[in-house]
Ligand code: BGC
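The data below hold one chain only, encoded as structure tokens and taken in the form predicted on its own.
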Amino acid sequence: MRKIFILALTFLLIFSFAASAEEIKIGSCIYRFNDAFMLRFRNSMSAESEKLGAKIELADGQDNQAIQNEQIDSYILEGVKVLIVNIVDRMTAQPIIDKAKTAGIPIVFINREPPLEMLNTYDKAYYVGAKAEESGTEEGELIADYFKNNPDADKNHDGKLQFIMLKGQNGHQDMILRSKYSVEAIKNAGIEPVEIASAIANWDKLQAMQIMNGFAMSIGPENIEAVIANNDEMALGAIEALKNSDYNKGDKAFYIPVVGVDANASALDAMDKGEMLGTVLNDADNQGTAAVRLALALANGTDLKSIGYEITDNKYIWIPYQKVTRGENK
């Protein structure tokens, strides 16, 4: 009976949106296209737009706020009915919000959260994402559980956890919160964390690999007890560097637990191979779906309660994270 009810509700949602979304054009700006997580996000938005009969146009900001500003200006001149923006620099959101407000166009921010005081300047400005502190906490818990369950993980037997932190883009809220809360979770598990090195790698696999190669040479992999990366791409880069030092190739005596965030396909594959300890699912599918449904409801002036996602504080849709492990790493 429950499955029948859920299916009926789903069809009702699709029918109601499809009936109202016709001819609606969404203008969407992505901070850069060559980001594995945002690729999943884009695919989800495109699929949901097609399902609901709306048209979405996606622009690559090339990690350049000036370029993205021009794209937003073009969308407004073009007369799009709603904007979905993955802003390059979240602290520069106010002029974009002001432009949308002047044009009377609703705007939904995704992935990079503008400060609340900026969102509050426009009643049709919203944010869809996930609470970064949750992902940081879950990363820290993965490391703490491994450290407790594997006594040999404490290589120097000092009862402390010597770790390296690989951080995303400077100033990004996910970088700040994941870095902070992962360490807090380790402390809350009764383990003293000791950061022996950290660096900004801008969410990028190659940058992380180069940085980690340097750390392996200067610190020595035998002195590293964990690597915490703000996303999977940087975790995978760290693993490639560790493999260059003959670590994380399958021998448990030469293994350093590495965690990330996103649960992308390459990370899951690395986990299956025993190269990576775990990750945290950042649900791009649900976030993309929620963003499009919210955008269309705003464009059509329909009841926001009809979109199937809870809106909190009249500004936010939060999609929960989930820890992901494999086999003996659990």
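Since this is a predicted model, take the numbers as computed values, not measurements. From 1 onward, residues are counted along the sequence shown.
The following text describes the form predicted together with ligand BGC, which does not appear among the structures shown.
Heavy atoms of D35 reach within 4.5 Å of ligand BGC in the predicted complex, making it an interface residue. Ligand BGC is not drawn, but in the predicted complex it has no heavy atom within 4.5 Å of T289. Shown alone here, N282 lies within 4.5 Å of ligand BGC in the predicted complex, counting heavy atoms only. Using a 4.5 Å cutoff between non-hydrogen atoms, S182 does not count as a contact of ligand BGC in the predicted complex. The stretch among 210 to 218, 147 to 155, 95 to 103, 109 to 117 whose residues place heavy atoms within 4.5 Å of ligand BGC in the predicted complex is 109 to 117.
Counting a residue when any of its non-hydrogen atoms is within 4.5 Å of ligand BGC in the predicted complex, the hits in 164 to 194 run H172, D174, R178.
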